[in-house]
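One chain comes next, on its own, written out as structure tokens in the form predicted alone.
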Amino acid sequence: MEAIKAKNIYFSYNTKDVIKNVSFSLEQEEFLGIIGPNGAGKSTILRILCGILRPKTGDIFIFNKDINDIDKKTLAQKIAFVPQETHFALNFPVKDIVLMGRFPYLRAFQREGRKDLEATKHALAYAQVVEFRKRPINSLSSGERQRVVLARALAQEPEILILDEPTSHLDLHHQYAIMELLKKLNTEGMSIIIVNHDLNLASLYCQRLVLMHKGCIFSKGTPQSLINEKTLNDVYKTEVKIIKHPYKNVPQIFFHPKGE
């Protein structure tokens, strides 16, 4: 079954078209990567997929149901979104921020119950932010805050997780930890879409890739079929060398410094 299906999506900011006739799907329990240069429309399509933005034309289906027929709370139980950057106007403790992920399951003025507290505790541990749970959110580094936002998304207990550059502010250890966590969640049944500028990470962890360029889909396929020197030169205007990963049969990208 398709967890998400995007069909003939067009989207404009004012009069400028930024998404042009985009169609693709996320299969249930698939780990899908969206890659492409800056300005390709990657972040915009993510916001359309999770209902934050409404397309000019086209359709989005969540488990075969039109997204427009799904109420907001039900949609939040199905999909959690981790943006590239999150700014917090109020300096709540980390535990309270993560607990906000339980909002889709609570009625107005209803207090959190045992299940909500257990889900929050589990999410804090999964995202490796237990040590920060009592700290104000704005006392953390950008990378630490990003992990808290991921924990909040996990507290939603979604079936689909959509992430926009979740490793962009993280050090090497936490990049690896987050990608391994996403892989584990995927093997446990979660469907995942990730935008990642790090093509090596995308190639290593994603089962399938969608390459966007100038608001359109340039190519779709496995990392082995999509990542090659000609395609990357055509889209990124950069000459690279492709080799196979030593532990996994996927392409990895290296630059050739000028003058060498």
Partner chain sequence: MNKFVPVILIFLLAIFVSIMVGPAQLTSEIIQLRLSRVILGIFAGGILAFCGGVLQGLFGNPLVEPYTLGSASGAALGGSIGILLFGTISPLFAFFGSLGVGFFVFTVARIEGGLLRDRLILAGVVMSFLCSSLVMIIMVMGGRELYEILYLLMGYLGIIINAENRLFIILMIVLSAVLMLFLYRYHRELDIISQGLETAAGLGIDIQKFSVIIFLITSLLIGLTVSLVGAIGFVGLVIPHISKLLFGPKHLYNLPASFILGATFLLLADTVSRIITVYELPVGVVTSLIGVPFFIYLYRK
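Positions refer to the first chain, counted from 1. Note that the structure is predicted; figures quoted are calculated from it, not measured.
This protein has a second form, the form predicted in complex with its partner chain, left out of what is shown; the following refers to that one.
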> So which stretch, 139 to 147, 175 to 183, 118 to 126, 91 to 99, is the one near its partner chain in the predicted bound form (non-hydrogen atoms, 4.5 Å)?
Replying inline: 91 to 99
> Is E112 close to its partner chain in the predicted bound form, meaning a heavy atom pair under 4.5 Å apart or at it?
Replying inline: yes
> Hey, in the predicted bound form, does A151 get a heavy atom within 4.5 angstroms of its partner chain?
Replying inline: no
> Heavy atoms within 4.5 Å of its partner chain in the predicted bound form: does R135 have any?
Replying inline: no
> Quick one: is R54 in contact with its partner chain in the predicted bound form, heavy atoms, 4.5 Å cut-off?
Replying inline: no
> Pick from A76, L163, I160, L170: which residue has any heavy atom within 4.5 angstroms of its partner chain in the predicted bound form?
Replying inline: A76
> With the partner left out here, if you bring back its partner chain in the predicted bound form, are K7, Y10 and F63 all within 4.5 Å of it by some heavy atom?
Replying inline: no
> Along 102 to 126, which positions have a non-hydrogen atom within 4.5 Å of its partner chain in the predicted bound form?
Replying inline: F103, P104, L106, R107, A108, F109, Q110, R111, E112
